[in-house]
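Next comes just one chain, in structure tokens: the form predicted alone.
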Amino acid sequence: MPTATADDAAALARDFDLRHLSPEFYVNPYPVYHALRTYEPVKRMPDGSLFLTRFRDVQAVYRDPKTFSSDKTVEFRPKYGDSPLYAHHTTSLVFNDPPRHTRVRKLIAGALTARAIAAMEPALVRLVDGLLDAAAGRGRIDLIGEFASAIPVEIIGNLLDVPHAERAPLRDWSLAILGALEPSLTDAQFERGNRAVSEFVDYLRGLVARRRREPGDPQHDVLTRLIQGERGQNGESSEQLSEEELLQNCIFILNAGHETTTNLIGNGLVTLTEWPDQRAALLEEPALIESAVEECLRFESSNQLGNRMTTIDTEIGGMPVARGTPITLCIGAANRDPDQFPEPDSFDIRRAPNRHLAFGFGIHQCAGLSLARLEARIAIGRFVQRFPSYRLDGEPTRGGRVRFRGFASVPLLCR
């Protein structure tokens, strides 16, 4: 393929429109991100929003949640109207500001302590080894459907103590709801997302009613903790969620921990097939798995985009920005910024330091990041050691998302 000229890159930046993306962009967005960082790092979109691609600008927005709000009650109204999707996304943790954000995050984080996560590791190892045993018996695997997606659904099902017999719809509900967050929304995506929210809420009402009658251990059962609220020194409940907050944030917990972790595992194992020297290094030194996971997070960020809205007149990267301007944070571009990461388009499992933004930054940094890292370390590390010569058995199918970067299916031979 001929090398792109400066004029070509400048044209890529000039013509970029998040609502009208080419098929090539979904396969590999990084040349476009590079062009934007070089020529229009604070890109004014046709709809008046801004698209940020430099690490320093994205991090600066994360650092200032008062100026750059996460509240979506205004921004999402034209997109979703008065719909179940609107009710969900404007109630869940990630799309709210303090004090609502603070209350919900405290309750969720309280069940994801270092001790609680460490206690999950033996069961996680058994789950992963069972999936690997099944793959070994067949000699092949769909990396996504038969491995990467099965792990977070099981873990989150355990966190909420969803009976195993009732977990089958969880993945499809999650994919439908997150699919409706894409910048351009089709009628089919809108209908599917709304149906998924409604069905999920109906299911959760029954699950919550059962848990109210028979509470679990709030130190490990996130749903019981959310129902009971934060307990004061005398055991009384000092913070409790409304029924709507409770139901919508249960959906959020599944969604936040499901597709992003699935993509992390899938992206990581595919990337290792493309960088055989790095896979060989990991095989030689299994202890590199921790830094390898961090490099997977940076190199192919599962969550590529974040959103904010300005609450006052301000500036970003020297550009004046009016109050009420929607901002898109391109995490995928920031994590390939050469001002922050030497040779950013090289995959280096020994990279240090590696202060990526894959989990966000500041008050909205992912509450489940330690759990996601554990899942990825166990899944990727044990897969590589079990199948040191695994390889693609056909063309992978991309997930077709711009916000969440991953695969829908990846056929592998397990060797």
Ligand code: HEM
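As the structure is a prediction and not an experimental result, all values here were calculated from the model. Residue numbers here begin at 1 and follow the sequence given.
There is another form of the same protein, the form predicted together with this ligand; it is not shown, and what comes next is about it.
Although the partner is absent here, residue 85 is not a contact residue: none of its heavy atoms lies within 4.5 angstroms of this ligand in the model of the complex. Although the partner is absent here, residue 54 lies well away from this ligand in the model of the complex, with no heavy atom inside 4.5 Å.
This ligand in the model of the complex is not approached by residue 36, whose heavy atoms all lie more than 4.5 angstroms from it. The shortest heavy atom separation between residue 363 and this ligand in the model of the complex is within 4.5 Å. Listed residues 171, 101, 279, 225 were compared with this ligand in the model of the complex; 101 is the one with a heavy atom within 4.5 Å.
Think of it this way: in the model of the complex, this ligand has a heavy atom of just one of 327, 270, 93, 153 within 4.5 Å, and the residue is 93. Contact annotation for the candidate site: 30, 49 and 58 all lie away from this ligand in the model of the complex (no heavy atom within 4.5 Å). Judged by heavy atoms within 4.5 Å of this ligand in the model of the complex, the contact stretch among the candidates 39-47, 22-30, 384-392, 365-373 is 365-373.
Looking at 242-269, the residues that come within 4.5 Å of this ligand in the model of the complex, counting any heavy atom, are 252, 253, 256, 257, 260, 261, 264.
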